[in-house]
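Before any questions on how it binds or moves, here is one chain, the form predicted alone, in structure tokens.
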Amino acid sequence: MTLGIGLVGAGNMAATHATGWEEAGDRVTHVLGTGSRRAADLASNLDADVATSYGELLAAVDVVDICSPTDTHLDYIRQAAAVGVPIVCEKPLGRTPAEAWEAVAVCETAQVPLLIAHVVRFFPDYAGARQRVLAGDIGQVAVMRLDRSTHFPMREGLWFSDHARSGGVVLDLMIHDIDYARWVAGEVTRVYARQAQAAGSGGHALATLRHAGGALTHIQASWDFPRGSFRTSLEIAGADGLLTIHASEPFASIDSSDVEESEIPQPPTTLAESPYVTQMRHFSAVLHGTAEPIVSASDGAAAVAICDAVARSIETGAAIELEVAG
């Protein structure tokens, strides 16, 4: 059965998700109109209808895909859960841990699927590195180093630059590697972090996570790199070996004039299938009942909670302890 998808949001990520759904064999049938030209243009490109209200969209679709600003996620999730519509939500799940955990609880109570788009889990190199760790190829993990550095989002910066709405570089960018670190090395019990942010800067944050099993993860996330660039790297050191991944757009080849003002930076890839497509293909399989989720709603909430601890460490200058359930 082809799923009818309703998109909330009309920016870069909404368009990216739409491509993924269509590659998976499903179809975006409705885009929530906000009075902006962008929603109408996206709907036209997708041959979809513009819904004039969220209620109208929910009544017309099989799944809602939320790609709106972070601080709006919980309200959209509440309304979808109330009428039993399955939900895909772009990360982060919520602006605060309380919002994220409420989203989990609301969907559990309503018995509505809630799938969180933590796309790094769908990059083959990153997923493959985790598989090698689980297979014991490098022994017990001791230290991980993760880097995600790019330019500040452009046109969408109207809300990305509002820390109260987006959570800044930690909640919007570092969260990718925080989720990955927890996926590989287990629960996080303590964080210590620092951030440098000059006037007009997107921010450059460094965090150290201590995991329950004793491993340490060092993460760098930056929105202060040259426009048009994206650098990611991964190192996992264990008792018996070292895994490394490096992917970047070389600075010397950047032509800033070719970068669209509306662009939200995405990691470079030469894969035959974009991990964003792989992610939506997986979500489609989950919703069709043929796969189990690679990332759970609770994983999404846990990542927000760790980001909140990182933000509190930056604010206070102190290490923050986290409670681990169970």
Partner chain sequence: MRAGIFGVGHVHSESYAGNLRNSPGVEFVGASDSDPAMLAGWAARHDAAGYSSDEELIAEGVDFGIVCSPTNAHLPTVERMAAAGVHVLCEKPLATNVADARRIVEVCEQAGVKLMTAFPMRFSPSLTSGADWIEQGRIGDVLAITGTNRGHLPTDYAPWFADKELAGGGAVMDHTVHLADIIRWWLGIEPEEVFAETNHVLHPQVDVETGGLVTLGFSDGVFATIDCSWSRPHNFPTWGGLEIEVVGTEGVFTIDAFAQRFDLWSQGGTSWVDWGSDTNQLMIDHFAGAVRGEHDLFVTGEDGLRATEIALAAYRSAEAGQPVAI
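The shown structure was predicted, so the numbers you read here are calculated from the model rather than taken from an experiment. Numbering follows the first chain given and starts at 1.
This protein has a second form, the form predicted together with its partner chain, left out of what is shown; the following refers to that one.
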Identify which of G136, G84, G128, G214 has a heavy atom within 4.5 Å of its partner chain in the predicted bound form; exactly one of them does. G214
Ok, G186, G238, P97, P113: which has a heavy atom sitting within 4.5 Å of its partner chain in the predicted bound form? G238
Just to confirm the contact call: exactly one of 186 to 194, 85 to 93, 67 to 75, 162 to 170 touches its partner chain in the predicted bound form at a 4.5 Å heavy atom cutoff, so which is it? 186 to 194
Is W101 one of the residues lying within 4.5 Å of its partner chain in the predicted bound form, judged by heavy atom distances? no
Is there a non-hydrogen atom of P124 within 4.5 angstroms of a non-hydrogen atom of its partner chain in the predicted bound form? no
Taking any heavy atom pair closer than or equal to 4.5 Å as contact, tell me whether V143 reaches its partner chain in the predicted bound form. yes
At 4.5 Å between heavy atoms, is L206 in contact with its partner chain in the predicted bound form? yes
